[in-house]
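Here's a solo chain for you in C-alpha cells, the form predicted alone.
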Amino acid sequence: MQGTADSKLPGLGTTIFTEMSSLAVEHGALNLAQGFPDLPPPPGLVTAAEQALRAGVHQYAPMAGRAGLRQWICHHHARRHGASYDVDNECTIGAGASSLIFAAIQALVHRGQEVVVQTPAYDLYAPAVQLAGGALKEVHLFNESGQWDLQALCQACGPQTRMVILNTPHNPTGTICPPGFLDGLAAQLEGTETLVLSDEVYGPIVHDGRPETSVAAHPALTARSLVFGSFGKLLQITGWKIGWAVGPAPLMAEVRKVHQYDVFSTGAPLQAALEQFLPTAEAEDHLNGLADLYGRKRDRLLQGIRDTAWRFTPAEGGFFQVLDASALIDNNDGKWARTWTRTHGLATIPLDAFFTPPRPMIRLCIAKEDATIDAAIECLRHIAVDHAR
C-alpha cells in the first residue's frame, strides 16, 4: 500500500473547523468555532419537511434540482439583483454551495491555469484548485489602510488568469465587498476570458443598513460569473446541505458535467420542503429579517466585551466576528485558541489557520442563541482577566 508520497494533497490534514469542533466536544466547550447556527429553522419549514417525508418524496431529485426550487432561486436573483437566469439551463442545486464551488473549479480550471484568490480565504478554494492542477495566486484582501485592495487584485490578474474567486460577505473577516470594487474588477477583466467565481453564501446578511452586494447585480460581470448561495446559511439548516449555483448556460453545462458524477442530486424531500416553504409570507419575513437578526447578535457579543482588553472592528456582514487578542497574548493565536478551548471552555477559530495575520486574532460564529452568546461573553471576559498585562 502506497503512503502519503502518492497523495494528491500531501500537505493537507484535517481542517481547522473539524479540529476545533472535536476539541470542543472533548472538553465540553462552547463551540463558536464552526460556522453553524444553534438557532432553530423557521417552523413552517420544519412542517413542510415533515409533509414531504409523509408524502413519499424519498427518491432521487433531478440532477439539476427540483424545478420549482430552481424557479424560486432564479426569481430571488431577479428580484434582489436584477439578474435574469434561465431555470432550465442556468441554475443548479447541489449538496451545499461547497459541492458546486468544488465542481466549478474542477470543471473550468485546466492544468497550469492561474486562479487568483484574496487571502485570508475559506479553506475549500486552495485544495480544489490544487486538485484541478491549477496554479493558486494569492493576494492580500486588505491594503495598508485596512480596505479591500482592488489594486492588488487587479495587478494579480494577467493573461494566464483563468479565474478570480470572490467571497462576500467575507469568511473569515466579516467584511463585505465595498462600493466600486466590482466596477474596478470589471474594467480590469474587460476583453479577457477570465471567469469569476463569487461565493455569496451569506448573501443578505449585511449589518448597519449596508447594501447587499452581488456579482449577479453587475451587468459587466454576470456573463463571465458563477454565483453561489446556501439555504443552510439563510435558513439555519446547515445540516441539510442544500445550496445552489447560477450562471451563464455554457459555464453551467460544464459544472453539471462534474456535478452529475459527484453529488448527482441531494436531499429530495428537503428540496421539496424548501420548494413549498420559500414562497410563503413566513419565509419572506425570515429572509428580510436576517440582517437585523445577525446585527443584533453581533452587537450583543461586542457590547458584552466592550470594557475588556479584547479589540475589534464590528463585522460588516455574515456569521462571524473577528477579535484582536494583541493586548492579551503573543502572536501565536493558534496555540491560544486551542488552549482556551481546554482551559476556558470556548472554541474559536484562530486566523493563523487561514493566513499570517498582522496581529493575533480569533474568529467567532455569532449565529447563536442569546444564551450561547452570553455564555461566550463570560468566557471571553475570563480570558481577558486571566491574561491581563
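Predicted model, so just to flag it, every value in this text is computed and none were measured. Numbers for residues come from their place in the sequence shown, where the first is 1.
From this point on, the text means the form predicted in complex with ligand GLN, which you will not see here.
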Segment that reaches ligand GLN in the predicted bound form - one of 327 to 335, 30 to 38, 58 to 66, 44 to 52, heavy atoms within 4.5 Å: 30 to 38
Using a 4.5 Å heavy atom cut-off, state whether residue 202 contacts ligand GLN in the predicted bound form. yes
Residue-level contact is defined here as any heavy atom of the residue lying within 4.5 Å of ligand GLN in the predicted bound form; does residue 298 satisfy this criterion? no
Applying a 4.5 Å heavy atom distance criterion, does residue 312 contact ligand GLN in the predicted bound form? no
Evaluate residue 233 for contact with ligand GLN in the predicted bound form, applying a 4.5 angstroms cut-off between non-hydrogen atoms, and reply yes or no. yes
Can you pick out, from 171, 194, 106, 118, the residue that has a heavy atom within 4.5 Å of ligand GLN in the predicted bound form? 171
Scan 320 to 342 and note down the residues that get a heavy atom within 4.5 Å of ligand GLN in the predicted bound form; none is a fine answer too. 320
